[in-house]
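Take a look at this one chain, the form predicted alone, written out in structure tokens.
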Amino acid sequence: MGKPSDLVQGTLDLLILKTIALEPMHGWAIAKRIQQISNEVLQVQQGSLYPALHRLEQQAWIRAKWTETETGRQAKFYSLTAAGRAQLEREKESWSRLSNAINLVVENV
């Protein structure tokens, strides 16, 4: 297995929104889930994750709530808002259009 890669610019919001779409999660769990689901290819650094979470919260796409973790400590859990679900759909559509376009170039040029 290769070294984890940095994220493609502009994809972090999509990955975060998608990761918390099913259940609220705290920051460390979001980063770990993205790493695990991507088969260890994608790695989200804390220096990128927490500013993104703050930005998404400012956009009202996610909300944060202090909750006790499974280990008994307090952590901020992030969940999607209705506006966040709508944004997730827009981000998914945009990603699909972009990745299809890149595939067309890679496969046909």
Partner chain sequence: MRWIQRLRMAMLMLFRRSSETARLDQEMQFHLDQQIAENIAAGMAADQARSAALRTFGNPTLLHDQARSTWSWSWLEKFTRDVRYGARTLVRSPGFAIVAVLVMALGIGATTSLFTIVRAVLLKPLPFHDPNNLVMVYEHFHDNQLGDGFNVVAPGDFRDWRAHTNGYQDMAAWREYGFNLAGEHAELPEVVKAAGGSWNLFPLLGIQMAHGRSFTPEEDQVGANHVVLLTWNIFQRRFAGDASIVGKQVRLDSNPYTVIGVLPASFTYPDSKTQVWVPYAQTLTARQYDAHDNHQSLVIARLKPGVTATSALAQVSALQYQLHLANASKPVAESAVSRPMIDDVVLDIKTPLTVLFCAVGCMLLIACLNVSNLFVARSAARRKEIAVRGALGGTRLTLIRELMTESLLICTAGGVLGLAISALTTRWLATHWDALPRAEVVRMDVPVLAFSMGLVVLTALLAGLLPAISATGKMAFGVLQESSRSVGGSTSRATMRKTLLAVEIALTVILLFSAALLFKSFMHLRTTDLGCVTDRVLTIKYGLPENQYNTREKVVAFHESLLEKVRRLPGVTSAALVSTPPGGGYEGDDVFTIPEHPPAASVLQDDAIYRSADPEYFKVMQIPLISGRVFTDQERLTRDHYLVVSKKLADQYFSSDNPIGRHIRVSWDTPEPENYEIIGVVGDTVYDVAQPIKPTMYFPILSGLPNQVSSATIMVRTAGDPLLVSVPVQKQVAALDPSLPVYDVLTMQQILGKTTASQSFSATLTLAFALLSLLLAAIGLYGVLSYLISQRITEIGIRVALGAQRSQVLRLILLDGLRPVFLGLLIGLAGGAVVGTLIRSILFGTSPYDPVVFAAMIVSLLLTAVAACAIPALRALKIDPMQALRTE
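Since the structure is predicted, the reported quantities are computational estimates derived from the model, not experimental observations. Residue numbers count along the first chain shown, from 1.
We do not show the form predicted in complex with the partner chain, though everything after this point is about it.
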Would you check, heavy atoms only and a 4.5 Å threshold, whether residue 37 touches the partner chain in the predicted complex?
no
Mark residue 33 yes when one of its heavy atoms lies within 4.5 Å of a heavy atom of the partner chain in the predicted complex, and no otherwise.
no
Can any non-hydrogen atom of residue 49 be found within 4.5 angstroms of the partner chain in the predicted complex?
yes
Touches the partner chain in the predicted complex: residue 42 (any heavy atom, 4.5 Å):
no
